[in-house]
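Coming up is one lone chain in structure tokens, specifically the form predicted alone.
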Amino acid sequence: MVGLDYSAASSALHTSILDDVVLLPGWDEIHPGTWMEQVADLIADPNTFLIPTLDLEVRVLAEFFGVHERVLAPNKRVLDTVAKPPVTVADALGLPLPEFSTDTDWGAAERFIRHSPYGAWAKGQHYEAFRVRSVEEALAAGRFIKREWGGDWHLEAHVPGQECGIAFVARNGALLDAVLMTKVILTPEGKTWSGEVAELPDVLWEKLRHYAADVGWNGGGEIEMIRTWDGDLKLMEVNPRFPAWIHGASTCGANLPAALLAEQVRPERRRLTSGFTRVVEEIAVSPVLGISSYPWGPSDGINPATKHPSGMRTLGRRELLSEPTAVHGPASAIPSNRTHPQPSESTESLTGYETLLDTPSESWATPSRQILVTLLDERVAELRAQLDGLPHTVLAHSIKTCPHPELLSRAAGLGLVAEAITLDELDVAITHGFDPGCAILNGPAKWWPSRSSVRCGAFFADSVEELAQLVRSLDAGFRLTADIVGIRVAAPGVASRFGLSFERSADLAETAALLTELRVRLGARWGIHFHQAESVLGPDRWRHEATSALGFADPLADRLGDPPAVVDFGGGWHVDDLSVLRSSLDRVLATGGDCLRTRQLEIVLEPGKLLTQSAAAVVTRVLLAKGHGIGREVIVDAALGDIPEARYRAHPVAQFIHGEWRPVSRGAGRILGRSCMESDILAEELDVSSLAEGDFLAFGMCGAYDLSMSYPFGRGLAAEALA
């Protein structure tokens, strides 16, 4: 038995069980032609076989040697069937894949992660995977994978459950042996430290046997899976070599490498030991190889690249490997048993904002904002259609989200009520036509600036201290008129500074006592409010958190003696998620507190940006174009101050060309703001190759917080001077 590797730092080379050791140059140094000659010499003897154990080593062998009778590994055609995501193997084994998306542009990645309640993984085609919870993390991980390993990457939803895997071996398409291993103890990196080993169930054995025969599998392999908490298996990925725990299986009685060499079929009756565990054993280094030198890095520590001492990380980007040619399947996959619809609209198709823009002229002052009232009308109508059949519903317009005068007046005219977080906002709402008797006050400082009297429809206290403060204010002469006295309940699973938590029964009792006193003094009914941004949590987590939080309505209703008159759902909804809003509300109302299932209950909905984000665009002009081809950039007269949300999400961009506005297609260029901030990047990955000085561009989806949080940076004046 000869140990073959590409770095003396590979510790297994030092074991005494090897008859000999061959050390070739590192992967980042090998010359393909010379390497082929060396490997060919090593397996020239008819009784010599090579069993590669590294993913990329298998792929390079398949690329350069094709089918070789003494290289016991899958060939290129077989490897194409296990390309990630492994759709072909999943179909063959009848195992579902986790939800995935190979579309990794900003919008698609953001949408995928938002609909992955347990987070997602950014996975490389050749190697590496990172757990990600935001689009920024996902894109950064994708860039790292492409830079360090080469090849494509995709997103895969995280699946909670217990990891398990199949180690198998086949010779020229004949399945010889296979075992099922379930991870019991894991290292901090998720690697196996101890595992249960069992025979593969007959059903899986038969399907694996057919798959191996169909593709002509040769060599060892590993199928990684997750057993969900419901007991279902999901296929994660397929590795074209033995797993690192293969010796553990051997110690349990299933020696698959030996079966491969001897072409020995699994014994009909064997008794496997139930599992294995690892130990750390110190051994003397080989006198031939000696001790490795300390891997000094640029910082005062071990260079992390030593995880791959042979330089395998660089192999993927040396362009020695061709991309898989097998069909990967769809760009995304959603299980048929998903319990809610998955929005499919892209941001661009949802708004169609460019068809509503005015024709620009040389006399236009840019940057300028164009208000698209029609899109607010459409969104309100669509939302009301969604809520059709739900009794006693009220839509609220969030003043802080979109305080533009034209849109405020329009929202009031459409019959929306105002939701304000300060008394100044309440005054503005009344000025633009909202009825103060229906207005809702939210937030931690809703009574600021101070007034001697306030009239509103409802208020929801953010803390028990606020309830007590309000009682003291009434004692001091403050006059308040409100039909609903309410509280905001905290989401148990979200780290937040807002809302009341009732983990202690004393808090519940104190809250109920203060609510009772305020109800009596104001002659009001009571309500409950849940407020978390669905655009951040995604619809799955939003439903879960809303259901959990509103579960406190029942014990509170018991203490108050009657059910709530109002339940108020706040927090901005993502513009793409209108189609799942009604089903989400139905789910929460059906599974939340029992006291919420009364026909007299009034439902208030504050969807925030869902209503107004599409209702404005920023028109700008190109000041300067830099560079040519890939990497070309244009600087425009708008800046982050005009589109502050550009740092956090991609906006659709249209160009005025040939007498009409047309969407700018995807590409490799960037649109930069006019300011001197490094972060003033308004758009990336767009085709700006044809843009020239003076061209008009329009950024869509600039309503909502792009309106309320814009600032005059780079105009030579402070905000007060422009007011």
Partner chain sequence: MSEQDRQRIDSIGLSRISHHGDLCCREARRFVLRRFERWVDTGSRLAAIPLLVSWGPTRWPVSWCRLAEPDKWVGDCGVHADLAGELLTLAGVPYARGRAAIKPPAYAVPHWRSTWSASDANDVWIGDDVVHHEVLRIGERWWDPTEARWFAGPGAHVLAGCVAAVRVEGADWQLSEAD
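Because the structure is predicted, anything quoted here is derived from the model rather than measured. Residue numbers count along the first chain shown, from 1.
As for the form predicted together with the partner chain, it is not shown, yet the points below apply to it.
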Item checked: Region of this chain that lies against the partner chain in the model of the complex, out of 401-409, 249-257, 613-621, 540-548 [heavy atom, 4.5 Å] -> 540-548
Next item on the list: Indicate whether residue 277 is a 4.5 Å heavy atom neighbour of the partner chain in the model of the complex.
Entry: no
Margin query: Please tell me whether any heavy atom belonging to residue 191 falls inside 4.5 Å of a heavy atom of the partner chain, as the geometry stands in the model of the complex.
Written below: no
Checklist line | Any non-hydrogen atom of residue 474 within 4.5 angstroms of the partner chain in the model of the complex | finding: no
Item checked: the partner chain contact in the model of the complex: residue 504, any heavy atom under 4.5 Å -> yes
Notebook entry, point to check: Which pick from 118, 448, 648, 364 sits with a heavy atom within 4.5 Å of the partner chain in the model of the complex?
Noted result: 118
Notebook entry, point to check: Which one of 216, 492, 641, 96 is close to the partner chain in the model of the complex, taking close to mean a heavy atom within 4.5 Å?
Noted result: 492
Checklist line | Heavy atom contacts to the partner chain in the model of the complex at 4.5 Å, residues of 192-226 in sequence order | finding: none
